[in-house]
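Next comes just one chain, in structure tokens: the form predicted alone.
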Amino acid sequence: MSTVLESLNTSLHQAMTRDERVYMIGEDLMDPYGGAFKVTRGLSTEFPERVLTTPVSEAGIVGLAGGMALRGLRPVVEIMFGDFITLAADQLINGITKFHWMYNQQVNVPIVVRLPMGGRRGYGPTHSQTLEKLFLGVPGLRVLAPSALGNPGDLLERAILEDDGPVLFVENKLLYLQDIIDPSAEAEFVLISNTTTETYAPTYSLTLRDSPPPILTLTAYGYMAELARAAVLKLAYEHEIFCEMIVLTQLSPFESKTLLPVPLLTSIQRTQRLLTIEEGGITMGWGAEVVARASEAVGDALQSATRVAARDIPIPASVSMEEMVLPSVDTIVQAAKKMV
């Protein structure tokens, strides 16, 4: 059994071994430090000419990577704290995501930007945010978020080697030390389906083993899938509310033909109730888009929909206050109880 961090680190080693066009760029990546969260540990030792440590300039780092991608390389950028991807928004939104169209599809920009995101570590308001919602819906930009389910390293490796467009790869910090869960070998859950999007990102559908038919669909991504999993168990054992859990890894773009990933759409049609769970702020968030698309897709068949997310205030440094701002297992359980 390996952790999410080990899986991601292994995938970076494999990607750089398989394709000499892969470069790693970011701050403080060199061994023995190996990056702030150690995901890049060992890379500079094994590939000294292809790991570039940079000054503290997120706009410069992403701009450099964009130029390298235009010249045929496949750079991977690490933003030390995902909060500071805002400094590179101009490079991404006004350049990198548009070049393929601006130059009549004669160029590709295969760049993966890794973003350690999220709170619950006491890092304070500028190092604890979950900001991917700012980039959802940007044309030409894929936003991926691994969970502990399946193989997060495989998702990263495929993004690096197979995707010819720009990708934001959102890594919740609390996932790094989580053990990887094989969804097909869960003791308490049954894997209903494991499908991929129109590209390569998996969607997992799970329900409790030997439970009655679910009456509520929970959907989440990243570390929130861990909280959703705990909430599903608590709802079943303490309140006899049985749920189906849909874990997404691709947040944007949504599937073009069905409005929503097919497993999520199918689950909503079964349960007629939808609860979305995310760590970012609730206003204008991912959950709001999912609920809107669910309503468009199934109409009156959607009897009830609720969003669980962070409060719309900065993340405090105090752990006790941080817990009041961010969603928890209990907030998920309470929201579910109100719905049914």
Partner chain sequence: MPDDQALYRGLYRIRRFEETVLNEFSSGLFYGTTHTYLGQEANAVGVLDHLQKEDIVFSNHRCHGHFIAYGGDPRALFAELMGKKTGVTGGRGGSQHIHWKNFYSNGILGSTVPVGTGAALAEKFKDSNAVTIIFLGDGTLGQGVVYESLNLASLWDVPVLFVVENNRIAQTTPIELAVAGEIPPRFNAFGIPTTELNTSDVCEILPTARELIAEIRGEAAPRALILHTHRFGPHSKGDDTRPEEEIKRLHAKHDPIKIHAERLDKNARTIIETEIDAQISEAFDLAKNDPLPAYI
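Numbering follows the first chain given and starts at 1. None of these values were measured; they are calculated from a predicted model.
Only in words, not in the display: the form predicted in complex with its partner chain, which the text now covers.
Segments offered: 103-111, 235-243, 249-257, 164-172. Contacting its partner chain in the predicted bound form at heavy atom distances within 4.5 Å is 103-111. When its partner chain is considered in the predicted bound form, Ile192 lies well away from it, no heavy atom lying within 4.5 Å.
When contacts are judged by a 4.5 Å heavy atom cut-off, Asn94 counts as touching its partner chain in the predicted bound form. Though the partner is left out of this view, Phe84 does not reach within 4.5 Å of its partner chain in the predicted bound form, counting heavy atoms only. Residue contact check for Ala36: none of its heavy atoms lie within 4.5 Å of its partner chain in the predicted bound form.
Proximity to its partner chain in the predicted bound form, defined as a heavy atom within 4.5 Å, singles out one entry of Met284, Ala59, Val298, Met30, which is Ala59. The listed set Tyr176, Phe135, Tyr204, Phe99 contains one residue whose heavy atoms approach its partner chain in the predicted bound form to within 4.5 Å, identified as Phe99.
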